[in-house]
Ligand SMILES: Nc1ncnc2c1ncn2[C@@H]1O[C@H](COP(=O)(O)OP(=O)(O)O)[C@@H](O)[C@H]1O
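The chain below stands alone and is given as structure tokens, in the form predicted alone.
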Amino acid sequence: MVIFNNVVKYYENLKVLRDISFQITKGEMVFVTGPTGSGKTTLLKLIYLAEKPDEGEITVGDFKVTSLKKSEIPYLRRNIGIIFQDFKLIKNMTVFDNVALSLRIKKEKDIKNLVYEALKKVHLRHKADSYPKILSGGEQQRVVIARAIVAKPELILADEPTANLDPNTATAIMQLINEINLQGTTVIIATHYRELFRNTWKRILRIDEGNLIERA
């Protein structure tokens, strides 16, 4: 599903990622960990082409990411749902409209049913007409998850999905993400919170000073 082959990324003269190579199979859930500033978010950005690698090759599904033309990037992103750490919800739009936005951009059919189906999965169907500012942090994160899954992508990228949430809410969010993965969606979670993957059988990719250390 996702293949990195000798990927290198610089920021100015700093090599953030050094010859990174790994492969994630379809339907797998993988944790990417490491200290703050280690390159976890950069790795996710390379997958959906918010950043480009300086060296190496990246493949996502059927897309050779490193050779995509700018006009082809939207087709790559249609297969990817992103759960942002800072939510990135549009404040003057309702929960329904935030979740529906990507569907409207792509001119999808049956938007109403797709949005309500996604909101039902995250237990927020009753909040469809609410605005983000009146929601709790956990509710906002669930809206972000609904937005990420509404188009039924093959791949979910989650960047610190439980940051700034209390332990109980964080547990509920991880249960939702696990349910999504169990339905066959590939999930990559970037986090520095060891509690999320402690005692888990999921594969862990650790970034340390730009180098990748894999733990099965």
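Quick caveat, the model's predicted, so the values are computed rather than measured. Residue numbers here begin at 1 and follow the sequence given.
Beyond what is shown, the protein has a form predicted in complex with the ligand; the following relates to that form.
For the candidate spot formed by S136, A163 and T171, no residue has a non-hydrogen atom within 4.5 angstroms of the ligand in the predicted complex. Not displayed here, the ligand is kept clear of T66 by more than 4.5 Å at the level of heavy atoms in the predicted complex. Residue contact with the ligand in the predicted complex: G27 places no heavy atom within 4.5 Å of it. Remark: V16 counts among the residues lining the ligand in the predicted complex, judged by a heavy atom distance of 4.5 Å or less. Among residues of the shown chain, P35 is one whose heavy atoms approach the ligand to within 4.5 Å in the predicted complex. Here the chain stands alone, but in the predicted complex its contact with the ligand, taken as any heavy atom within 4.5 Å, falls in 41 to 49 among 66 to 74, 41 to 49, 172 to 180, 144 to 152.
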